[in-house]
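The form predicted on its own is given below as one chain in structure tokens.
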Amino acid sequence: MPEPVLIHQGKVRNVYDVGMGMLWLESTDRISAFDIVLADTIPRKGEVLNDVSAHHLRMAEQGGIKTHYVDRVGKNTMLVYKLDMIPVEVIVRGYLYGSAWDRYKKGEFRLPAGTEPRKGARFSTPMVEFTTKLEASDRPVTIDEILRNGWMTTEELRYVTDAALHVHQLVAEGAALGGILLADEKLEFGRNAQLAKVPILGDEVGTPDSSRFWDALLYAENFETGRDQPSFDKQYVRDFLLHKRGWDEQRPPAGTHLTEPLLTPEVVESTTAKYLEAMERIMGRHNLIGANS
């Protein structure tokens, strides 16, 4: 295999071209919030992302969804097929929370029939939305806009919607075995005509960076009392920045890469613990990081 060549550095991942139509995806310990890359790092975060994503990509393959996954080649690196990524992110929501709740309060979000109009309510059926991918700050896009810009065809949209709902079901069922509710998740698809005629699931799947995970045992009580749902993901970091660093009133522009750390040692340590617990619950406590899962 040729020497890997760094071709892209994202908010969290480094992408290396290794020839033969394949890439290395390196998950780092970097962390972003509100589309802003922090100077802080979260120890072992990259390992968790790599293991959990590989776990869910294999699960999707077994469920009949073609993915870019080839092999896990290191504690924080996986080998994948190169895709021409579709510039649209697919959001699957199972609960009324986050930006969906904010938009609902403004009258910009329609609930599925039979859904209780309360923060944290479970949707009567999971919803699929689309957002931009290449803009500094993601924004919802309509099907008409996707078609008009040629980002996907009608047939591709239909396939991606069905595939995203299927992947969401698989991830949710697996997480439930560890006492975790999957509130929502982000998925990405790309094209590779040599691998499949339909869009292929790429990027990461079902990680604490791309999904919102809740403790199933705490959900009902928090929902009834109106409290926020504690999560096994980077929402803990977002909340710290909002409430302790004043980002609820003013924050750096989306796309900014900060150079000075903002998180306390306690927040860093607790965030690592949340990521590790998510991994252990989702994959089973016998599946420790570093093992060939």
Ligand SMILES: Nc1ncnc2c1ncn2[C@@H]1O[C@H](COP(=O)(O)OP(=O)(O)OP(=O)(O)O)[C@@H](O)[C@H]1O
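Bear in mind the structure is a predicted one, so any value in this text is a computation, not a measurement. Start at 1 and count along the sequence shown; that's the residue number. Rigid core (definition): largest C-alpha set, two forms, superposition within 1.5 Å.
Same protein, other form: the form predicted in complex with the named molecule, not shown, and the subject of what follows.
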message: By the heavy atom within 4.5 Å rule, which residue out of I180, V80, I146, L96 makes contact with the named molecule in the predicted bound form?
response: V80
- line: Among M85, L111, V128, A216, just one has a heavy atom within 4.5 Å of the named molecule in the predicted bound form, namely M85
query: Does the named molecule come within 4.5 Å of any heavy atom of E188 in the predicted bound form?
result: yes
- prompt: With a 4.5 Å heavy atom cut-off, would you call K274 a contact of the named molecule in the predicted bound form?
  reply: no
query: How about A278: is it within 4.5 Å of the named molecule in the predicted bound form, going by heavy atoms?
result: no
- prompt: Given that the partner is absent here, does K133 sit within 4.5 Å of the named molecule in the predicted bound form, heavy atoms only?
  reply: yes
- prompt: Even though the chain is shown alone, can you say which residues of 5 to 41 have a heavy atom within 4.5 Å of the named molecule in the predicted bound form?
  reply: H8, G10, K11, V12, R13, V15, L23, L25
query: For E61, is the CA shift between the shown form and the other one at least 2 Å following rigid-core superposition?
result: no
task: Could you check whether the CA atom of G226 moves 2 Å or more between the shown form and the other one, using the rigid core for the fit?
output: no
message: Please state whether V37 has a C-alpha shift of 2 Å or more between the shown form and the other one, with the rigid core used for the fit.
response: yes
